[in-house]
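As a starting point, one isolated chain is supplied in structure tokens, in the form predicted alone.
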């Protein structure tokens, strides 16, 4: 198969998933590469059916062992016509659990044919200077390997007569998928407390960056910055992009949980790819 068009569709609140996808696409080196950022709800366009001559990279970070609830329904609207697809998940050095399997199955349900898949490492969204988790990743080595993965995808497709011939039979994961217990605890806690990032009004310069970067439009700026607890997905995009550090997650239960996560995730993990 000669793949002329690669369409990269990705959800990437803190930008690391986007970076990895860009390097995979560079390795594939198709005649046309289209980057489609669907992080913000307003950017999620309706697509016509993809053809069998396209190749789609479908990518998302792992939240609580699963594909984020915010983006999975949108991914399910995408339709192929036996279109080759590469599901990619990005996680913060803990585990990717059933996320890659969930993305693989969602693609299959849309009449896509997975021809490769990958689970890559990036700095954890909850990483902090005093509790660094996968700090500075993806690093140069990660990105070189992401590009090499793209080269291998291209070679596989060139050696195959059809997407069916190139099909990847499965990826790791369980069905039924992992229950996101910590996410369910957060939802329950929000019945009584906000459980969202907070703003230090003394250091906030009201630049609006948190409003701009929030994928769910949960952050509002009037005289002060406020957050809608029911829309916030705790992606930490607002924290990572705040120029003064005014946005922080201060809940003590959350802080204890992140300290435990830091203890569990100190050993460097490497990416996994499936061809």
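Residue numbers count along the first chain shown, from 1. All of these numbers come straight from a predicted model, not from anything done at the bench.
Heads up, the form predicted together with a small molecule isn't pictured, but that's what we're talking about next.
Stretch 93-101 is the contacting one of 109-117, 93-101, 140-148, 153-161, since its residues have non-hydrogen atoms within 4.5 Å of the small molecule in the model of the complex. 122 is the sole member of 71, 88, 122, 85 with a non-hydrogen atom within 4.5 Å of the small molecule in the model of the complex.
When contacts are judged by a 4.5 Å heavy atom cut-off, residue 126 counts as touching the small molecule in the model of the complex. The small molecule in the model of the complex is not approached by residue 50, whose heavy atoms all lie more than 4.5 angstroms from it. Remark: residue 233 counts among the residues lining the small molecule in the model of the complex, judged by a heavy atom distance of 4.5 Å or less. The small molecule in the model of the complex comes within 4.5 Å of a heavy atom belonging to residue 62.
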